[in-house]
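As a starting point, one isolated chain is supplied in structure tokens, in the form predicted alone.
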């Protein structure tokens, strides 16, 4: 089947990819005439405008040439060298979380270096990241900054390998992929969570619930920092007050976790949310249950996002700086200045606000 109509990948792009594969595999050779638009409509079931868009894109890329009155023919791609540096940036969601700040840092640094940036949202899905990877390659990007998706490590490695096969340097931002020798920029999530847990303990809290997604390297490190802080303070780890989610953040699912945890408020005195959006979900659920922070329960988050409704004690991450450093690493790779993979670990710091009370 040429076109998968249930796929989130645009249909014009699916047809475009199929035609290009036929050219690469020699089904359509140089100077061969490809099927007409009408024939492709009948073959694929697509609208004529969709077929025309795919053909026009391949014409613009130099794979096809239109000959008036004769049809469309395969031509040898003649792609001129890229004069301007173009950097691709694949983030989970440009609308929320830390991604807007990361993108702004990358964009500002790219502008200072007179580079261009192509911004892509993966929605934390492998299939969308794969689509964007193909699009970036076709746009002859000079390098890519990639925030791994909420998929398996093997799938994220597949995305990286696509770029590596085209000799396009890749920098991982925030999240990492195990057993992959690759440049990355992140923050010290273990130390940040360790210090944040210590802060709660010094405030008299010993029964601290931890709620996070265990699919991400960042949140797993925060969980390890939390456990280590408990251990170093002689507090026994209690798995019954820990929620470990196996997928990406989902407001509906984390609302259910929040309800379950808040019903146990007599057993716990504080909640450590794996990131600020989880903390905000707890706030909204608590409000609906007639509870409030910090009067009924203390709570901390991670990221230092800007909330108007919740004065949240949290760990500030230098996300803007992460975007800057990622572009600098890409730049150094493009210029051939670095040997061996580079690991940049930025420091976070505690922001104390009004969501924690001393436990008596």
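All of these numbers come straight from a predicted model, not from anything done at the bench. Numbering follows the first chain given and starts at 1.
The form predicted in complex with a further copy of the same chain is left out here; the points below concern that form.
Considering a further copy of the same chain in the model of the complex, which of 163, 131, 257, 223 comes within 4.5 Å of it through any heavy atom? By the 4.5 Å criterion, the partner-contacting residue is 131.
So which of 114, 202, 76, 263 gets a non-hydrogen atom within 4.5 Å of a further copy of the same chain in the model of the complex? The residue in contact is 114.
Residue stretch of 175-183, 208-216, 116-124, 154-162 approaching a further copy of the same chain in the model of the complex, non-hydrogen atom distance within 4.5 Å: It is the stretch 116-124.
Using a 4.5 angstroms cut-off on non-hydrogen atoms, would residue 138 count as touching a further copy of the same chain in the model of the complex? Contact check for residue 138: yes, within 4.5 Å of a further copy of the same chain in the model of the complex.
Tell me, yes or no, whether residue 277 is in contact with a further copy of the same chain in the model of the complex, where a contact means a heavy atom of each within 4.5 Å. Yes, contact at 4.5 Å.
Taking heavy atoms only, is residue 310 within 4.5 angstroms of a further copy of the same chain in the model of the complex? Answer yes; at least one heavy atom of residue 310 falls within 4.5 Å of a further copy of the same chain in the model of the complex.
In the model of the complex, does residue 93 have a heavy atom within 4.5 Å of a further copy of the same chain? Residue 93: contacts a further copy of the same chain in the model of the complex.
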